[in-house]
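The chain that follows stands alone, in the form predicted alone, written as C-alpha cells.
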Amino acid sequence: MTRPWKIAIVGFGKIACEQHRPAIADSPDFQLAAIISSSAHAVDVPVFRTLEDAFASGLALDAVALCTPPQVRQEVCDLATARGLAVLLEKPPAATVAQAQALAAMGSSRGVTVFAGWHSRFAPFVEEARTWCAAHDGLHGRIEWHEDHLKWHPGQAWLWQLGGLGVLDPGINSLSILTVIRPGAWHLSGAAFEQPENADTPRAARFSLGRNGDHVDVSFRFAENTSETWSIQLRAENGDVLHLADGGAALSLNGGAFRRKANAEYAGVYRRFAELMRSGQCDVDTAALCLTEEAFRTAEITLVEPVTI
C-alpha cells in the first residue's frame, strides 16, 4: 500500500467529527477518503450511507475508523476485513470482551490490522505515570471520572441501551489508563450502579479495584451542568503521590504544581495505527473492557429517576 493510506470514517458523531477528522487531516500516514454516515453534512469528501455503498462506488480504501456505537461493530468489521482493510476501533472496541476478541480474530485470520484505539492511553503524561508506577509499590488511590453527558453525548440514545455502557463509556477511559500504567491482574469488587428507570445502563457507578497490594476506589458519574473531573490519584507506600488530572493532560507529583500539556490523544492513536499497519499486526487490548464487564455482571442496581435521552 502506498501512503498516505486512504481511510473512511464509519459513523460521524461528535467524537468522529471533532477528534478523528482533524487527526487524520494532520497525519502524514492517512488521507480521509470518505465518510460513512446517514447524517453527515458539510464535508468535503464523499459521503455514503453504508460501507457496502462505498464499495459499490469503486472507491479505493486501505482502512476504516469505526466510530459507530459498539453494538454494531462486528458486522462492519467483518465487511471491512473481508476486503483487506485495516480497522481502527474507537473505544470501547466492542460491547463485550468476547465480541472484541472476535474482532481481533477477524484481523489475524485475514492478515489485516485491527486496532482497539484506547485514546486516553495517548494522553501527554500517561507514559510518565507508567514510569512512576513501575518505581513504586503498594499503591492506594482514587479515580473520579465525572462529566456532563448532555455535553459529550448529545442525543445519543445508544449510550443508555444494552452494550452502550452508560457512565462507563467515559469511565472506561480511566480504566484504560490504569491498566497500562499499572498492568497486571486487577480484580473488581463492591460494584454499585445508579440506573435510570428508562435505561439499561447506569448514570453513576462505584466499585473498588485491587491487585497485589494495590487498591483503588472508583467513582463514575454523569453530572449535568456541574464541574467536571477526570482524575487519577495514587499514593505509594513510601508516601510519594501521583495525581493525573484532565484525563492525563496534567500531572502533579507529591502535591506540587500541575504540569500541563496540550492534549493530542488522537494524533497518538493514528501514529500507533500506522505502526501496526506497517508491521501487519493487531492490537486489541481488553483489560479495561474486562473490568467494565465484571462491573455490569456483579453490580447492585438502584433505580433512579428517568434520564433525558
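A residue's number is simply how far along the shown sequence it sits, counting from 1. Remember, it's a predicted structure, so these values are computed and weren't measured experimentally.
Here the subject shifts to the form predicted together with a small molecule, a form of this protein not shown in this document.
In the model of the complex, the small molecule lies within 4.5 Å of some heavy atom of residue 72.
Not displayed here, the small molecule is approached by residue 37 to within 4.5 Å at the level of heavy atoms in the model of the complex. In the model of the complex, at least one heavy atom of residue 169 sits within 4.5 Å of a heavy atom of the small molecule. With a 4.5 Å cutoff on heavy atoms, residue 221 does not count as touching the small molecule in the model of the complex; it lies far away. Checking 108 to 116, 88 to 96, 124 to 132, 207 to 215 against the small molecule in the model of the complex, the stretch whose residues place heavy atoms within 4.5 Å of it is 88 to 96.
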